[in-house]
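Listed next as structure tokens is one chain, alone, in the form predicted on its own.
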């Protein structure tokens, strides 16, 4: 498995969150949304200008801006 930044994931690619590098209010907000280490995520799609990104996690859909996704490291389960 390879660790990459969440922003680098492709549509329909899955992976497991390895770490959240954000501190303070942003870090708390990201973790409150369920983006915690060990959770499996899938990139569902991206907006036309690639921001925001739509994720599938724990049975619900979540969108993140790229500047938020930059703080999340993911172990990808399939390399594209």
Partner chain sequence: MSTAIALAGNPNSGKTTLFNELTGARQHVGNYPGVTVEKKQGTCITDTGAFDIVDLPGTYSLTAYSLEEVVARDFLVNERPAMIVNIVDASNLERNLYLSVQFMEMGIPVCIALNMMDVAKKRGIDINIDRLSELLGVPVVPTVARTGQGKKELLETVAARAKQGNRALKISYGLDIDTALDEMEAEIKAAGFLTKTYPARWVALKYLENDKQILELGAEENKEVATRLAGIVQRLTSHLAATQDAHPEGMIADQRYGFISGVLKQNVVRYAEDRNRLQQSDKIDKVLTNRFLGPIIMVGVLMGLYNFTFTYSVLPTEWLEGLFGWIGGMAEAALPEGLLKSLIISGIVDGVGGVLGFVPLIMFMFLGISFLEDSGYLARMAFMLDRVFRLFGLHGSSVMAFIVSGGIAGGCAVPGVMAARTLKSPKERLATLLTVPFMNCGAKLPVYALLVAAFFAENQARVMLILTLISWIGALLVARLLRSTVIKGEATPFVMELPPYRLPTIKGLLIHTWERTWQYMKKAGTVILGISIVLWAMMTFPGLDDTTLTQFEAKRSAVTDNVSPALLNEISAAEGDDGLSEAALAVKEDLLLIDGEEAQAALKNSVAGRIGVALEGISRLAGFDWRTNIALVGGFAAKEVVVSTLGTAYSLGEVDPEENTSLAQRLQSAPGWSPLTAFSLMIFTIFYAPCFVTVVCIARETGSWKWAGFSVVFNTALAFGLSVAVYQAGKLIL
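Residue numbers count along the first chain shown, from 1. What you see is a predicted model; the values in this text were computed from it and never measured.
What comes next is about the form predicted in complex with the partner chain, which is not displayed.
- Within this chain, residue 10 is remote from the site of the partner chain in the model of the complex, having no heavy atom within 4.5 Å.
- Contact check for residue 16: every heavy atom lies farther than 4.5 Å from the partner chain in the model of the complex.
- Taking the partner chain as positioned in the model of the complex, the residues of 51-73 that bring a heavy atom within 4.5 Å of it are, in sequence order, 51, 52, 53, 54, 56, 57, 58, 59, 60, 61, 62, 63, 64, 65, 67, 68.
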